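A lone chain, given as structure tokens: the form predicted alone.
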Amino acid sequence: MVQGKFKILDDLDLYKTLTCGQAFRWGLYRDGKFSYAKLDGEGFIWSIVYNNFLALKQEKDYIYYKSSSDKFYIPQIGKTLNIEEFLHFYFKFDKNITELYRIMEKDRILKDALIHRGIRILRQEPFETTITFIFSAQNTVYNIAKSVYLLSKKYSKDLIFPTPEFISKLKVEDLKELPVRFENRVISAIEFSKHVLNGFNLYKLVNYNYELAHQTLTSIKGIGNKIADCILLFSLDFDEAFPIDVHIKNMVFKYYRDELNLKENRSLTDKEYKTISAFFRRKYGKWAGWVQEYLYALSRKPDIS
């Protein structure tokens, strides 16, 4: 076990970042069970990240860490990073969040979300992120976390996330214990894994522009606008992606209805989704996805739900 501490290079609220709805494997692993968003007795929160077991704890300007390895292979950049390089990469410390705060301070809506300052967008593993958000459709945070845990447990005693090869060979009945609301979500996960095995290179999307990357993902059965934007934002460095789920839809209709000339609060059509998403990209540019996360945080109750 590798242990040490890492000097935080920019504003970070570790706990809020890891439990704000973009990642689902952070919590407490004990006695063969997983409790999402819970800390151990020492105040560490644990996860399996890029195939390493990792525990993190924040104390003021430092992250204390315990890791099963000092090497993290990052497929989307084709490099192996040591743990300090990885933490810099994972928490996007190359992005100066104070620039976002300046925008938020001048915004009549976003200034209220500054109570959540320190939330950062993560760079997660793209294949795992894709399967995770395929499971996320009309599901709760806790059920998504449980689904990912049970799927990983089925694959590996070390809880490493399964490979496309493994998932592609599964049948729906093999995953009946997963708390996924719709059977077609399980089918989509299996079919996407087959798509990867047939030559689809998810990692190469980092070289595309946003429009082409989004179009490429939504052309795959089972991946709609919101799932595609989650994949792009949370794993492939498209900070301009703006996922719209029910929480964000409600915030948009509450605060941006007049600007967007929205008629009524109802399910979004494909055209309306793209109109709203494009509006936020124009308004906030490269920070649109980060704005989405702060709007999401503002929409939630104090407890995680």
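Just count from 1 along the sequence shown to find any residue number. Remember, it's a predicted structure, so these values are computed and weren't measured experimentally.
Keep in mind the form predicted in complex with the DNA is missing from the figure; the text below concerns it.
- Residues of just one listed stretch (139-147, 205-213, 89-97, 75-83) have heavy atoms within 4.5 Å of the DNA in the model of the complex: 139-147.
- Taking non-hydrogen atoms only, Leu14 never approaches the DNA to within 4.5 angstroms in the model of the complex.
- Though the partner is left out of this view, His247 does reach within 4.5 Å of the DNA in the model of the complex, counting heavy atoms only.
- Put simply, Phe234 is close to the DNA in the model of the complex: some heavy atom of it is within 4.5 Å.
- Put simply, Thr269 is close to the DNA in the model of the complex: some heavy atom of it is within 4.5 Å.
- By the 4.5 Å heavy atom rule, the three marked residues Pro179, Glu183 and Lys221 all count as contacting the DNA in the model of the complex.
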